[in-house]
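What follows is one chain in structure tokens, specifically the form predicted on its own.
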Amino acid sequence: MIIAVPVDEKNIKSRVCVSFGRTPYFLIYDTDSKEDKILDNSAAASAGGAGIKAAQLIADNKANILLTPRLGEKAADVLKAAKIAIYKTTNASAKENIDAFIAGKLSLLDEIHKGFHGHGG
């Protein structure tokens, strides 16, 4: 299984980024090989549609699961179409959230917001 997490820094101990579309990086973690890699989020600098572009980046990297504190509606639609399950993170590191997900301790993200649509964030 491939897990994606928006992160502030280029390592698995990084804090989870509060912004999905504008996160500087995504951590991609493979639960089978226990290996991780960092992707630069090319969508972060987009004038608009950052969430949609970031969601496509996650889908293109074959993620099955996204761990994130929040998500906009349009990004959620892209992820759902790609059959990527979305779980809500806790206020902990990416590694701690991945471990919590594997242990079955994270819940599905059910609060999808309308998105910021050029209002920052």
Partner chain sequence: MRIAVLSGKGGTGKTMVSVNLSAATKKSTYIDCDVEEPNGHLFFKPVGINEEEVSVLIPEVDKEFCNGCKKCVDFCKFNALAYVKDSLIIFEDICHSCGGCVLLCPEKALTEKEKVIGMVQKGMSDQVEVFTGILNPGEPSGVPIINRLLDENKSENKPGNKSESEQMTFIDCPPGSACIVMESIKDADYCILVAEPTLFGVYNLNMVYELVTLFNKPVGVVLNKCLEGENPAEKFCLEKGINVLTRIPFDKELGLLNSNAEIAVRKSEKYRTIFTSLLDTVKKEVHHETAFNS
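Computed from a predicted structure; not experimentally measured. Positions refer to the first chain, counted from 1.
As for the form predicted in complex with its partner chain, it is not shown, yet the points below apply to it.
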Do Ala50 and its partner chain come within 4.5 Å of each other in the model of the complex, heavy atoms counted?
yes
Is Lys74 one of the residues lying within 4.5 Å of its partner chain in the model of the complex, judged by heavy atom distances?
yes
Ala59: heavy atom within 4.5 Å of its partner chain in the model of the complex?
yes
Test of understanding: in the model of the complex, would Ile65 fall inside 4.5 Å of its partner chain by heavy atoms?
no
Whether Ser46, Val78 and Ala81 all lie within 4.5 angstroms of its partner chain in the model of the complex by heavy atom:
yes
